[in-house]
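Same chain, two forms, each on its own as structure tokens: structure 1, then structure 2.
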Structure 1
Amino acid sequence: MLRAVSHYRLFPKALGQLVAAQGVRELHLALTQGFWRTQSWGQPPLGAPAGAELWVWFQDSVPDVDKAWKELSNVLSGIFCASLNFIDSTNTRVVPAALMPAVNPLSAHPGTDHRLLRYAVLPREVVCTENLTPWKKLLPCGSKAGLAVLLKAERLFHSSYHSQAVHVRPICRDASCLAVSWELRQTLTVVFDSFTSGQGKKDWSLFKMFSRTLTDACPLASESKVYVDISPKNKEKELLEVTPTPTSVHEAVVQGDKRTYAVYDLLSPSLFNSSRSLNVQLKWKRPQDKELSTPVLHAQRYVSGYGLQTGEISTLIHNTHPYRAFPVILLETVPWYLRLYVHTLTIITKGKENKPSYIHYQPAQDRKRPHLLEMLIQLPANSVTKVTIQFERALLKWTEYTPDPNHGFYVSPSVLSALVPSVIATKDVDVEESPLFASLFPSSDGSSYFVRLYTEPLLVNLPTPDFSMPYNVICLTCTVVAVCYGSFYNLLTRTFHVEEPSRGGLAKRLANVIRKLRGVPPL
């Protein structure tokens, strides 16, 4: 039983009260604009799917998890000005295996009761200034002092990728875990396109990126550091130059690569000696041909097929490691109105069929829950695996379409989780020494690191009824039913009886003559 948050000197009150009221154990909320291009940019430091993603572990003392989930998403929607209130049972899933948080010795892990876990993604969510402002307000110094002065919206959203996240979890204060504290981690991942803004050169500076410089550290902060990646490529030195001189240089093995970081400690008095502001600049001495090495694991997903009746979702997973094979967990969530046919699921690697070691499939219930497909696939070394599954598009009721139905419906990104073998062996990072850095790049085992990737969200068109016609359709169908009913009623209540034949007038006799000629019985 975790105690409620009681000190609000650093921890924001809005989140603290929320966490206590809903019995939350761990909370992760990410709002992302854009898509992380793994092939060109490498592994993301912290992956997030496009749109809004929320996953929460509740404490086992919570009586009704679904009710708590609904209230939590509504309150968060208010705090972050995001439409998280659209999270309901049709896009929430309870996921068995893929969402175990990264293994971290400091995290008091809740165990494996999956009924306490809820996960939802809203791929349609747009992130903008109104979401950044409440995020900044959660910081102890706000955006007035410290590193957060750099975060001005007009520069931050002028980027290729923008992801802001909030993570709350309990942390053991010491090795015996007798005292537990709440940890709030706020992350902001932005990819600036320096080519479009930097006159074609890859040099950057804080001023060019944020149109501001750092002036001082937040008075409430016990640590305030800037890390700049100055890893030499191919062991060449003097390829780039960083100004001003960093306070220290830190080396670590991160995501399988040995990296060197220049550290600027804002709390050290020597930093602001010469000038009142800190503008970190990086200049390249020579043009570089190859940027980053291809990441070991990356994936793409797309929809194929034509017409509005059927389609096929294909996921391509690349393993570029030269000699190591490793398994990956693929979690696909597809909304209920795309009816998946699991007998059409095929996994092909290098031209041969690849049977997954484990499949968990939970079919969708119309208007209640989405499809959940989770598989453990072995990826052989240096291969591309293609996972395809066919679906059928459903016709929805006219009120279930969004106001712009021809835009299409979003399918949330699929999640790939893997323990990727690293090319270089890592040593155990001393957590006490640099807790922030370690929490960003945790590693449990020397030989592999945990990676969570998200694929693209998909946009799928559904057949639409004519929205201008509800009254007309009701009238026409009821008319047809009434015509049928009327015909049957007519003939069921009609009897036949004999009429005395009467010789009629001249017209009748003439008509009879004509009828006799035709061969039809006379009147």
Structure 2
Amino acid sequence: MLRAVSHYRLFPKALGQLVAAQGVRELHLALTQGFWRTQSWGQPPLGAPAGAELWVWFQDSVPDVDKAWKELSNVLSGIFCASLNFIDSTNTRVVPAALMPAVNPLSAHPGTDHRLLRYAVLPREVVCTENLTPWKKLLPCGSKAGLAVLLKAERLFHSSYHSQAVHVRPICRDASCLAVSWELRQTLTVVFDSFTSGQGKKDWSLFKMFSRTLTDACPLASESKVYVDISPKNKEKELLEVTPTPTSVHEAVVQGDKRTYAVYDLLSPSLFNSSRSLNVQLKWKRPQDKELSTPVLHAQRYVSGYGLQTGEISTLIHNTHPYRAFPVILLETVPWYLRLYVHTLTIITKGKENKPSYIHYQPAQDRKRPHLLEMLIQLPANSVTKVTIQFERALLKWTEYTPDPNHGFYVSPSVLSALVPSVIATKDVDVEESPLFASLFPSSDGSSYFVRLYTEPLLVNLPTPDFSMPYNVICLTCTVVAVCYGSFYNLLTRTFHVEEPSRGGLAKRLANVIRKLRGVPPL
């Protein structure tokens, strides 16, 4: 049984009370705009699917997990101004193995029951300023001081990729784990196209990217640092330089590769001696044409086929390691209106069938839950594995279509979890020496590191009726009913009176006398 948050000097009270009230063990929320292009940008530092992602581990003491999940998503929808209230049973999954607890992401936490896990993705969620503002308010200093002063909305959303996340988990205070504390980690991942905005140059600075500079550290922060990756691409002379001179240089192992970082300590008195602002700049000494190295593990996903009856979902998983094979857990979640043909599932590697070591399939129920397919696949060295499965499109009720049905229906991306072997021999990261990198990039030992990847969300067209016909039918029906019923109603309710002809007044009688004398017919 985990204790509730006892003080709110740094921990936001809105999340602390929510975690205690709903019996949350872990909470992970990510709001992402755009898709991470692995082959162009390299391995993502923190993976997240396009749209909104929410997955929560509940404590054993929660009596009704589904009810707590529904209340939690509604409260988070109000806190972050997102459409998380649209999470229901049709897009919620109970995942057995793919999403392991973040207490130790390399092995399942003992005593953790997967029935206490709820996972949902809204691929169509649009992230904008109204989501960024409450995220910044959770920071101890808000956006008034520290690194958060750079978070200018109009600059962040004028980027190729933007992802903001909130992670809440329990951590052990000592080795015996007798005392547990709550950890809140807020991450923001942004990709700027400096080549386009820099007129063909890859040079960048904080002011060019954010239109602001750093002025001081957050007064409540015990540590505030800026890390700039200055790792050389080859063994020759360094091709880049950073200004001003960094406070120190740090070497770390990140995703199986050695990296060198220039560190700027915002709490150092010497950093702001000359001026009250810090504008970190990076310049290339000569043009750099070499692209980033291809990650060891990356994947793509697409829909094939023609017509609006059947189709096929294909997933390509690449293992570019020259001599190491490793297993990967593939999680496929498909909406109920795409009826999967499980007997058509094929896994091909190097032209041969690749049988999965473990497979778990939960069929969908119409309008209740989606398909869930989870597999453990062995990826040979330097190979491409293709996973395909056929499906049939269902015909929805006319009230179940979105306001723009011809745009298509989104299918949430696949999730890949794996321990990827390092290309080079490295040592394990010391948690005490580098707590930041040990937390963001965990590794089991010096030979492998944990990776969770997401593929592209799919956009599938469904058989769509002609929605102009109901409009025409309604207009015609209303017209016919109005004419027929109106006429019939008038006949039933109108009263008729017979009026006898009157002889007329004095003027009329005099006129008739005159007309009679003149031989003219009377009036």
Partner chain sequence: MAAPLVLVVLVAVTVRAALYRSSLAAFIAERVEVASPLNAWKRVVEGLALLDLGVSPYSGAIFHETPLIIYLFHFLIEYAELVFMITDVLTAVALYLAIQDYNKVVFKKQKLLIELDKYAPDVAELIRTPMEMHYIPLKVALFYLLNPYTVMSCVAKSTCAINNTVIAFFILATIKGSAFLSAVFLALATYQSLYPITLFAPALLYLLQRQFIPIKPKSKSFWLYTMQYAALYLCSLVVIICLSFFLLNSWDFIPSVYGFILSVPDLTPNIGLFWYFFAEMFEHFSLFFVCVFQINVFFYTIPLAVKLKEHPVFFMFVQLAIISIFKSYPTVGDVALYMAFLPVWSHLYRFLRNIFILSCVLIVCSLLFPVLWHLWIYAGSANSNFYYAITLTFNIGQARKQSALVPQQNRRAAWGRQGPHGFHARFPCSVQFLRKVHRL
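Counting starts at 1 with the first residue of structure 1 and goes up one by one along its sequence. Quick caveat, the model's predicted, so the values are computed rather than measured. By rigid core we mean the largest C-alpha set that fits within 1.5 Å across both forms.
K.L.:
I want to make sure I have the labels right. Is the form predicted together with its partner chain structure 1, or is it structure 2?
P.N.:
That would be structure 1, which is the form predicted together with its partner chain.
K.L.:
Has the Cα of residue 490 moved 2 Å or more between structures 1 and 2, judged after a core fit?
P.N.:
After core superposition, the displacement of the residue 490 C-alpha between structures 1 and 2 reaches the 2 Å mark, so yes.
K.L.:
Superposing on the rigid core, is the CA of residue 64 displaced by 2 Å or more between structures 1 and 2?
P.N.:
Residue 64: C-alpha displaced by less than 2 Å between structures 1 and 2.
K.L.:
Any chance the CA of residue 473 moves 2 angstroms or more between structures 1 and 2, core superposed?
P.N.:
Yes; residue 473 is a residue whose C-alpha shifts (by 2 Å or more) between structures 1 and 2 when the cores are overlaid.
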